[in-house]
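As a starting point, one isolated chain is supplied in structure tokens, in the form predicted alone.
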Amino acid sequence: MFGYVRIYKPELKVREYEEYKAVYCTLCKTLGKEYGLFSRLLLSYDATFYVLLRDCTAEKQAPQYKKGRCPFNPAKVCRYQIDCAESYRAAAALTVVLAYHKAKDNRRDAKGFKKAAAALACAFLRASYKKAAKRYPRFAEIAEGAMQKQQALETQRCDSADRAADPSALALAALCTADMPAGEQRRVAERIAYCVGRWVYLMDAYDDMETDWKTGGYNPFLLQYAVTSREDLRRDDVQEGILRSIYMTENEAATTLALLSGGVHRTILENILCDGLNARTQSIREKYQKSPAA
């Protein structure tokens, strides 16, 4: 996951923003407790979304929080959840598992300094990964399977963004519902997670189009729209086709949330799916609306 799944702060009430920060800080604290102090550096907004969705699906009572000091900034007062839920421990393990597989992927594809850095990250994360995989073997299984399918599509130079996004979307859907009881709420959460996973993949590909065009890296949009020049990146049919797919995906995620019956963190989830995703899409879109550099 790539840090795209964020709140849109201007549309959040103060108490909602404080609640979101408390979830973020509690996850940070859980990462440190479960996998060591430096694992906190892996903290992401995407993993925070996992906690929000899981807790909302569980339909439990609103959590209680207490104040504490941030270990990285003792002058900062944070709020942490009392009686930390299982969703935080699962999110911490998921963070480690995905970070390890991302480092492995970079080690395989990168060159020079980036390849060396990825190899170092793999070595650094290996012990934590083994611990997380032992506690949550299903997470490791899903992530490994998704990486293999993704690698196969990239090796084939798949020219369909829909097909290329599917392994990531299916993986996030499976990860978010790995131990949920069967029923309607699981199906709803699964669909939301699928849409978010698909959106993240498409957004990452959209964001990296120009870089991948320069370096020759794999990007399904470059192949699907036969992009051969920098000017092609800004062609109307290219931009309209990509944005249509992204908008449809984020809209489905937002409308599916209405079928989720839980109330915990619900307004924050609505903010992310209805406003946060779109705000991030617009920020990347603006990059391609600017005149190309000389």
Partner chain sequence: MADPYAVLGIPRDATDEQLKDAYRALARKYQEDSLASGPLADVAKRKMEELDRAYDAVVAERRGQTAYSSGQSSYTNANTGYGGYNAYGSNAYGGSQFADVRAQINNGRIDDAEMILDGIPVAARTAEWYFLKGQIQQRRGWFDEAYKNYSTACQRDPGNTEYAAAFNALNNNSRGGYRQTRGGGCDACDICSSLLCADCCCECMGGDLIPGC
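A quick note: this is a predicted structure, and the numbers were derived from the prediction, not measured. Numbering follows the first chain given and starts at 1.
Although not depicted, the form predicted in complex with its partner chain is the subject of the following passage.
Chemist: Counting heavy atoms only and using a 4.5 Å cut-off, do 191, 198 and 258 all touch its partner chain in the predicted complex?
Modeler: The answer is yes: all three residues contact the partner (heavy atom, 4.5 Å cut-off).
Chemist: Which residue, 42, 233, 264, 254, has a heavy atom that falls within 4.5 Å of its partner chain in the predicted complex?
Modeler: It is 254 that has a heavy atom within 4.5 Å of the partner.
Chemist: With its partner chain left out of view, choose which of 160, 215, 148, 156 has a non-hydrogen atom within 4.5 angstroms of it in the predicted complex.
Modeler: Of the listed residues, the single hit is 160.
Chemist: Which single stretch, out of 116-124, 160-168, 83-91, 69-77, brings residue heavy atoms within 4.5 Å of its partner chain in the predicted complex?
Modeler: Every other range fails; the passing one is 160-168.
Chemist: My question is simply whether residue 187 lines the interface with its partner chain in the predicted complex - judged by any non-hydrogen atom within 4.5 Å.
Modeler: Contact with its partner chain, yes.
Chemist: Would residue 278 sit within 4.5 Å of its partner chain in the predicted complex, counting heavy atoms only?
Modeler: Residue 278: yes, in contact with its partner chain in the predicted complex.
Chemist: Quick one: is residue 274 in contact with its partner chain in the predicted complex, heavy atoms, 4.5 Å cut-off?
Modeler: Because a heavy atom of residue 274 falls inside 4.5 Å of its partner chain in the predicted complex, the answer is yes.
Chemist: Determine whether any heavy atom of residue 224 comes within 4.5 Å of a heavy atom of its partner chain in the predicted complex, and answer yes or no.
Modeler: Yes.
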